[in-house]
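Starting off, we have a lone chain in the form predicted on its own, written out as structure tokens.
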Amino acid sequence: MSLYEKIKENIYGKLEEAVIKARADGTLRFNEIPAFVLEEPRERQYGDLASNLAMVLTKQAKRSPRDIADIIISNLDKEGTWITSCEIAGPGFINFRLDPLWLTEVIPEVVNQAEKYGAVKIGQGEKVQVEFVSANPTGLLHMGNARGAALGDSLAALLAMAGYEVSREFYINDAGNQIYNFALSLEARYLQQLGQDVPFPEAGYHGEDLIETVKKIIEQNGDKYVSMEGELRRELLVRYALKEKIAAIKETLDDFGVSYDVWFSEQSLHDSGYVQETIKELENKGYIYEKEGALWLKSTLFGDEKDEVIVRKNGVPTYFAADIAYHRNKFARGFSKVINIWGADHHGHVARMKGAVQALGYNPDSLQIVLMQLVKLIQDGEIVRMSKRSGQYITLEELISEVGKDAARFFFILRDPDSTVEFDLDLAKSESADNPVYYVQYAHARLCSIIRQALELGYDPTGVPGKEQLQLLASQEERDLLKKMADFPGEIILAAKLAEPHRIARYVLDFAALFHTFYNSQRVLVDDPALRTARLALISSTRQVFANALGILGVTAPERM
């Protein structure tokens, strides 16, 4: 638990003690202490913390909130709480002001914990799986995949920081209709490259990358597949292409700073009989029925708009059947919570997937699905629509080449997943305060520059000053930085509970603004040795918290820019 959380917990306990004391002497009458909050007021003028305890006690105590607040304050033991004053505000809020010297204890905490500062244990080792991207291996990764990669990887890092045992997983869609169409596309491109006039399949994949793939096949194998029976030819072409595409996906994601613990093949579910086994289990539970030659899942029992086919008339399981089997496999591997990152176009699939999880006997709340909206790429004020390489969309590879990994990741994580992202290429490449990633990275580089200057002058920026020295950090700019550092573990807790890594991106932006304000108003390498030592400790701690937060986002913390 962080220093700030300990202070809040202590005051919360003192408030409970105060009302119990008032009940004991007959001043207040109530049966039990209701749930109440102790939080920061929105406006600094109202103090450091505020509680609604008096207001929620009104019904039981049958007294006005302000009267109750007065009684609470008169019975409050402030010893060891850092409280300097209490005020009654509005209808009955109790506002607290803390001795700002509590902030000086933040620096020793950051120095002692270093890269682990901010880590909390709310996860208690619970096994969580985050599945994200999971793109069809039939082409190149696009902007939507890029957003999912940044979001999923940052969420996994955030949950690990919060004490969960996290596994990152990519589900390879290497079975089903898309692979059949992929095979037909490869076959057509292969034969066309060898001079045959064959039509391209109507549902085929048109990306230029497929032509590049078959050219490589021809370089290695020539025309040996031409004389083969069609099904065997398509099988061999797909086998080669899938291997190449998956390797390319891994390489591109690695360039984007994303690596997975597990690559899970959809085809393996079919080959092992796991899909049929799952269908049989649902049938035994009474959730499957036959109609018009197909097998249907009673998904309307779980809130779906209509029942869903899971085995077609021809006996082939649907993609949904494989998806159910996959999720059964996830829980069978011991994950108590499963998080999927999906595009917003999968919104209609959420209820039926949760219903299937419930039908299998698992708590549907153990499956959390994060939906993310579209990405619009803007350049010169216009929407960019096409890619030379894919023929259809801007690829992640092109995006990294254009703006770099850091800018791409930060821009994607900065917004709530439910918000459409307008990715401005020109802004992402600009070296100005308007570019959010440049703004935060420049703050870190500036911090490193101060530390280098201190070392060159023979000063030690790594030590922990004494209390008397730390008490010299009394300006508003210094206290704002210290308070923001103290907030970091609490931000981790909230962001992890809500599965919202964008909160950390916003924290970093706010933190950078506070640092730049400090830098423009206060000198660090002053003549006064005590003040210089205190401010160097502040700078060193600020840099550490920046690095820790940027690490969650997968964004580089540069030493120079």
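What you see is a predicted model, and the numbers here were worked out from it, not measured in a lab. Sequential numbering from 1, following the sequence displayed.
Keep in mind the form predicted together with the RNA is missing from the figure; the text below concerns it.
Candidate site formed by K59, A344 and R352: every one of these residues places a non-hydrogen atom within 4.5 angstroms of the RNA in the predicted complex. In summary, the region of this chain contacting the RNA in the predicted complex, judged by heavy atoms within 4.5 Å and restricted to 355-363, 278-286, 311-319, 193-201, corresponds to 311-319. Interface residue among T420, N221, S272, S85 relative to the RNA in the predicted complex, by the heavy atom within 4.5 Å criterion: T420. Residue in contact with the RNA in the predicted complex (any heavy atom within 4.5 Å), chosen from Q113, T462, Q267, N136: N136. Not displayed here, the RNA is kept clear of Y164 by more than 4.5 Å at the level of heavy atoms in the predicted complex. At a distance threshold of 4.5 angstroms between non-hydrogen atoms, V370 is out of contact with the RNA in the predicted complex. Within 4.5 Å of some heavy atom of the RNA in the predicted complex lies at least one heavy atom of D416. A residue is said to contact a partner when one of its heavy atoms sits within 4.5 Å of a partner heavy atom; S449 meets this definition for the RNA in the predicted complex. Residues are counted as partner-facing when one of their heavy atoms sits within 4.5 Å of the RNA in the predicted complex; in 223-255 not one qualifies.
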